[in-house]
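Only one chain is given next, in structure tokens, and it is the form predicted on its own.
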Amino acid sequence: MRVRIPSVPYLNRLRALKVRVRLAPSPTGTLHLGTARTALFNWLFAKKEGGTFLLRIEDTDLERSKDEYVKNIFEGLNWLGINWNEPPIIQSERVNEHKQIIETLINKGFAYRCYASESELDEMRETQKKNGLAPRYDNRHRDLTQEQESNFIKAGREPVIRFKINDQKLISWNDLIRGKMNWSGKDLGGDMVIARRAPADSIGDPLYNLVVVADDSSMKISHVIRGEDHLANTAKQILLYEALDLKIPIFAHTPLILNSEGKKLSKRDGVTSISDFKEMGYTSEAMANYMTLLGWSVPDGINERFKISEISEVFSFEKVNKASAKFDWDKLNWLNSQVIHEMNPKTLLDNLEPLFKKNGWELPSKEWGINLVELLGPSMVLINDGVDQAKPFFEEPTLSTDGKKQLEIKEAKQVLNFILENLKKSYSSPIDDTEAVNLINQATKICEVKKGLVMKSLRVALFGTLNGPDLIKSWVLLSRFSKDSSRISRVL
């Protein structure tokens, strides 16, 4: 494998820069896993270099942008522990500055008004398709005469504004992840639109590539860290930086996140939103841990189970892979289970109690709740597992199929009757650990059955199923909160 060795001048420039990075999500949907991973890489790099992490909301798509998505983005980043160092920039508030920059490009001869109609553009693309050519604008209105332009205006045509792209131009940059990158102007699809249609005496809504350059320059962004699907945009934006005589940032293009089939992860895969993962019961710590591993290789001697506040000290782009990262549910579930198993009982209860209350369940005491989560925690993978496993402690359970079969065994009813009778006449309420063990041993001896049959039958009577946490501890907890004798009675 070829090792990337950046040039000495490039390394010197990198060291001299005051690191300022940004996340620039569009509030047209909830915070996506890929966007959150990009935020993490930016944040980790800023932390490592003692730099600044900024947030810019790219809301210029006014029809699709919504305040609820802005709120979701803020909440998702905060939940993951990703904080920004300055107030967020709202892109739509800078539209006038964007239009002034477009005016400058027109005046300098780098941009022009294109009056080609949509039907003409469709016809052009169709011809290219028939001839086996890649779709591209043919620059037909780049050099209109004043008379031609005047005729289009009289005809009522509204132009877009296009930036001139030289097909012979070679665009190059040193990518922190991909090394030396070269892009030919002829592969960028012809002169690019930088503003939507509007009357010829005005400038329409500025478009993505233009506003990104304008805002990154205004925010003094030193490094642009984003997904590899932006490679072509980077080439176009470098041309804009050069035309505007602006300082070009250093770029790093992270690998895509793929689904199990090797395709780009999308909404079709089901869960892709950070808020969805939170709703499912994943912890913020496990999510941040796992997303960092999506495309980044842990240095030798570092465990894959970490907190992002700790890993920032060793994060570097040298360990970010070029190859796409495949999303692995098993790995995420393992990490989440580790986080849960390491939680102290109070923290775990703090996570679970709101979910209990949502189901209408009230704890008899904090101590009882702590004992409950100590019992359930070791078998939990998701936070929500604690709700499912706690349900039999709060509500009378439904008998499972295996549970019904267990109760059909003749001796099962015999031992349950014995336990019920002795509970009522010989044991305290609630029952304690010693009493529970003694009663099970007595039932085994007096009824002349195996201990396993007694414990399975009792578990089914109390919890409706053959599976679950430690029976003795579960029984003792239940007896402190509910009438265990009534549960046994209902199955007899």
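Every value quoted in this text rests on a predicted model; they were computed, and no experiment measured them. Heads up: residue numbers just count along the shown sequence, starting at 1.
Only in words, not in the display: the form predicted in complex with glutamic acid (GLU), which the text now covers.
Within 4.5 Å of glutamic acid (GLU) in the predicted bound form, a heavy atom is found for not a single one of 37, 47 and 308. Stretch 224 to 232 is the contacting one of 178 to 186, 224 to 232, 111 to 119, 351 to 359, since its residues have non-hydrogen atoms within 4.5 Å of glutamic acid (GLU) in the predicted bound form. This chain is drawn without glutamic acid (GLU); in the predicted bound form, the residue among 334, 208, 317, 74 with a heavy atom within 4.5 Å of it is 208. Proximity to glutamic acid (GLU) in the predicted bound form, defined as a heavy atom within 4.5 Å, holds among 212, 294, 192, 195 only for 212. Contact annotation: residue 58 falls within 4.5 Å of glutamic acid (GLU) in the predicted bound form, judged by heavy atom distances. Though the partner is left out of this view, residue 21 does not reach within 4.5 Å of glutamic acid (GLU) in the predicted bound form, counting heavy atoms only.
For residue 26, a non-hydrogen atom is located within 4.5 Å of glutamic acid (GLU) in the predicted bound form, even though that partner is not displayed.
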